[in-house]
Ligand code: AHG
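Consider the single chain below, provided in structure tokens and representing the form predicted alone.
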Amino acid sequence: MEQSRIALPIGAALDRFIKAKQDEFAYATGELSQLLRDIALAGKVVNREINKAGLVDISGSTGMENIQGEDQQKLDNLANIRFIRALTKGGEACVIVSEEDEHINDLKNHGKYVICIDPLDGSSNINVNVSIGTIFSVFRRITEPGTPITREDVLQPGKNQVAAGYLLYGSSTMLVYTTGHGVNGFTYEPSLGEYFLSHPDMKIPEDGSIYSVNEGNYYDFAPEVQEYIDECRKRRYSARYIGSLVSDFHRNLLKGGIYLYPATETMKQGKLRLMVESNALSFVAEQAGGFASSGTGRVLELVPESLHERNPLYIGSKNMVREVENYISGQSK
């Protein structure tokens, strides 16, 4: 049996899983495996720091705004530093695009991978002990390693991703990722300092009965989106909205449902960032049998024009996303 087809049991350690599945990678030379280990390691460090919040002075606002114009939290900065440090020392990444930084982090090395990351998603929930997360996306650079980084290397469509995933810091800490061969979830066991396979071959139901949207913005949404939300209410769907993208997405991945963040009157391009949020979760969703749309087409087909470009996002169970697309295009009637 080929190594890449080995079916590992629940409870397999992350390192063993990565090694066994390495031949499934498009470029099975070990670099991508090491990159995933670097991300997992940084996740352990960030998890440790999050668990200290309230005991030491690492929660609360810095009093500054990030490049997005949002209030920057102390843990945002800490997580950004931890992930950049781990990925820099690992040597496999040549560029890091972070939600917290205005410009790219050009590592000026011979790395082959471009990393896009939201180091700590859900900043508004940090101080109230609600689940938060990290979102990451991995691209293989287009130009030759060792040459100057180009716009073409960085601004790639999501369909070019070679790996993507997220860490969820909640009642337990989980790492969920894909390399284009399905989605697997690992739960962190802090006493052993290791992630273990807990959710093999994750699949999202094609239909669901959960809708996740900030209904406080209802009257700022387009009439077609309002109509879809009204239909969800009529069907007695459950409204579930945490306000941490990773947390809302993870619940719907397990149970079936749709997450919506439409454009509004004040944010006509939407709020979520294509490169550091939408692409990664869209790749995970599709690999789990779901779908992600900007409302007018597949998210993974979008070609970014800037580092911090935003987009509307409708993501989750395939049939639910297709239905909201029909509402938006006027085909629901």
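One-based numbering along the sequence shown. Quick caveat: nothing in here was measured; it's all calculated off a predicted structure.
Here the subject shifts to the form predicted in complex with the named molecule, a form of this protein not shown in this document.
- Checked against the named molecule in the predicted complex, the candidates Gly91, Gly170, Gly243, Pro200 yield a single residue with a heavy atom inside 4.5 Å, and that residue is Gly243.
- Out of the listed residues Leu272, Leu300, Leu32, Ile50, Leu272 is the one that sits within 4.5 Å of the named molecule in the predicted complex by at least one heavy atom.
- Figure note: of the listed segments 143-151, 161-169, 256-264, 101-109, the one touching the named molecule in the predicted complex, with heavy atoms no more than 4.5 Å away, is 256-264.
- Although the partner is absent here, Ser123 lies within 4.5 Å of the named molecule in the predicted complex, judged by heavy atoms.
- The closest non-hydrogen atom of Asn214 lies within 4.5 Å of the named molecule in the predicted complex.
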